[in-house]
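This document opens with one chain alone, in structure tokens, the form predicted alone.
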Amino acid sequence: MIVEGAAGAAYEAGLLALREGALLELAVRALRAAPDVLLVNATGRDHPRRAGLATHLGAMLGLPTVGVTHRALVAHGDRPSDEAGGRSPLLLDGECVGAWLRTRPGTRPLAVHAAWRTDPDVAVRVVLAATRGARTPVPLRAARRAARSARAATCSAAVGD
């Protein structure tokens, strides 16, 4: 399922929810069944105002959410051990807002963000369950593939016009 539309605002650091939130909300509401938890390619509490896109989206939808990114936004923490499941806390002003998580040995860790109705431990468990031996969660990889395909189809249609 693909939802098309214009971004709600120009990109501005720290305000991704204003840009993409409404479209993402439409996409989730268009699903046949609501998920138990939503994985979002964005931050949660690792945000200057403790409310990144993953947190906003969860609040709007009433769904527990977990953010997954390749780097922390403002939180800091040591990298985890080089073993599957290795984790270390991401701290923001002394509060644990997420974790670095290594899903496979020899790969870069992911930043896992607690967001709406989740804590860092739950967020890590959700991401580990969703990776199935891959570095990144399967649902996020599938969403990226679908977005690339839709974008390519739109671009090729525009060129053909």
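Everything numeric here is computed off the predicted structure, so don't read it as measured data. Sequential numbering from 1, following the sequence displayed.
Keep in mind the form predicted in complex with the DNA is missing from the figure; the text below concerns it.
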The DNA: the contacting residue among L110, A123, A42, L57 in the predicted complex [heavy atom, 4.5 Å]: A42
Listed range touching the DNA, judged in the predicted complex by heavy atoms within 4.5 Å, from 44-52, 22-30, 89-97, 128-136: 44-52
In the predicted complex, L16 touching the DNA (heavy atom, 4.5 Å): yes
Non-hydrogen atom contact T103 with the DNA in the predicted complex at 4.5 angstroms: no
Proximity of R79 to the DNA in the predicted complex, heavy atoms at 4.5 Å: no
Those residues of 62-87 which, in the predicted complex, come within 4.5 Å of the DNA by heavy atom: T69, H70, R71, A72, L73
